[in-house]
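A lone chain, given as structure tokens: the form predicted on its own.
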Amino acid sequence: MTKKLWLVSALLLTFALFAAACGSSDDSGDSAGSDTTEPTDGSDTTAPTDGTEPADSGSDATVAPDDGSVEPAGDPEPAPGFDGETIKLGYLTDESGPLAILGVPLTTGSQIYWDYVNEELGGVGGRYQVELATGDTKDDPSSAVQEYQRLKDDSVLFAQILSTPPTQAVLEFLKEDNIVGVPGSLAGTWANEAVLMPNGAAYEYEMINIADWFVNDSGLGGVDTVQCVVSVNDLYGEVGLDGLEYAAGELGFELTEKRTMNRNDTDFAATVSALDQAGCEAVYAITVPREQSTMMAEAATQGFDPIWLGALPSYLSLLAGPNFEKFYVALDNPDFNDTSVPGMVDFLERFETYKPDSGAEPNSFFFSGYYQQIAVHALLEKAVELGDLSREGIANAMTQLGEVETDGLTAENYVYGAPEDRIPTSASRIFVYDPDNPPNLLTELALLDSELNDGYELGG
């Protein structure tokens, strides 16, 4: 379903429920408090970013009548991952493999968020402390499954599953066990999975946005520019390429050269040579950061100097350098120095307070690990409000969650619910490499939600 159709469906449903409520108003004098049906998308509920209040009770499946005869939900009963006092969250991340350079800061960012919740808010619902249990996937699907099986009976949900292949590997087990998982991957197809809680603009939207910006707004090129692409040979690369090819068709340009790469590749001589010989003036990078940095070093060696247009996973400030002078990337988060964004001020303060390494500086992956947990926190607050932290209770809470407010940390807020009721965010910020703008070495150039996104179907 396209984003536009999601919005239309939500509006039609709201009007229908409003009409039904009005139509029954003359049947009973106390009808204002008697309607027990809520909109299925929960779109009138905004979850807090700082956890100071539970999620708005207006998103409950039923509304208590005025006479108070319906008792509020009681305390959640013990369940897998919840002993009545402590909530345990599972994390499937790369701690020692090729993506450990991302996995370690992601988990650290998550821990910083929960340290803040535990220390300053008293835990979820003001009383339940949160603990993290991590499993090292080594970015390997079989290891991810093994770690999932080890952790599942002691986790209320999986609050991070790093990268696309491990998410694919455990998805069927999540479905079988009815456990909610948060993909550390932006593949658009996750929006259609009831047990997954995606966040951020999908890779497909990132590529549509950056292509639209490059052709129409950047002043760097246009439809006549020779444009090419390098993509990872997995689902991440496939969906990102699908979005890019859609944008190319709509905008009227061709991808002159298409090259694929594998995770862990170290030799990019042939790839760079092929791009150079094809006359590529702009290269889209649907890649991962270590390999992208290696490829750009090879490009410098060969004297190949195109404009690079990257998806979020292609860039990491720790690996950036002079070769990135013409590198542009689509991201969700604002500039770390943008103190006009309330959520960024909070993130930077909490990062300084709770980071385990006194010398660490924020980057996109510390940030991603942190902000992913805002939605998890909202979900847990909703489950506590409904009095059920079981697997079924958490899955039910997600269908009622609605919009989660991020205080500007993402370009748009994600609206949760059952898959057919979700409204994924589709906007991106476009950044350029800037060595004079620490800590992330990026400067924001544009905030864009391309009109083309309305016609693109995620997972289609």
Partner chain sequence: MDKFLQLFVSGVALGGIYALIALGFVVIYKATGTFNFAQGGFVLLGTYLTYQLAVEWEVNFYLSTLIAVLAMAGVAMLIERTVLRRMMDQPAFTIILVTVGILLFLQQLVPIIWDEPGLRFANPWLGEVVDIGGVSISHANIWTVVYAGVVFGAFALFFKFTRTGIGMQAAALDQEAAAAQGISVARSFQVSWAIAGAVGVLAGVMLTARGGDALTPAIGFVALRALPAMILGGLDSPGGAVVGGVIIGVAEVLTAGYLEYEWLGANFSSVVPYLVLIFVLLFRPSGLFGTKEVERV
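Everything numeric here is computed off the predicted structure, so don't read it as measured data. Numbering follows the first chain given and starts at 1.
The same protein also has a form predicted in complex with the partner chain, omitted here; what follows describes it.
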Requested in this report: Would you mind picking out the stretch of 208 to 216, 319 to 327, 306 to 314, 382 to 390 that comes within 4.5 angstroms of the partner chain in the predicted bound form, counting non-hydrogen atoms?
Outcome: 319 to 327
Query raised in the report: Taking heavy atoms and a 4.5 Å cut-off, does S340 contact the partner chain in the predicted bound form?
Result: no
**Report entry** Residue contact check: R350 to the partner chain in the predicted bound form, 4.5 Å heavy atom
**Finding:** no
Query raised in the report: Quick one: is A360 in contact with the partner chain in the predicted bound form, heavy atoms, 4.5 Å cut-off?
Result: yes
Report task. Indicate whether the partner chain has at least one heavy atom within 4.5 Å of a heavy atom of T189 in the predicted bound form. Result -> no
Query raised in the report: Which one, T225, Q302, Q129, N178, lies within 4.5 Å of the partner chain in the predicted bound form by heavy atoms?
Result: Q302
Report summary line: Contact with the partner chain in the predicted bound form, heavy atom within 4.5 Å, among D332, D242, E298, D335 goes to E298
Query raised in the report: What residues of 102 to 132, in sequence order, lie within 4.5 Å of the partner chain in the predicted bound form by heavy atom?
Result: V104, P105
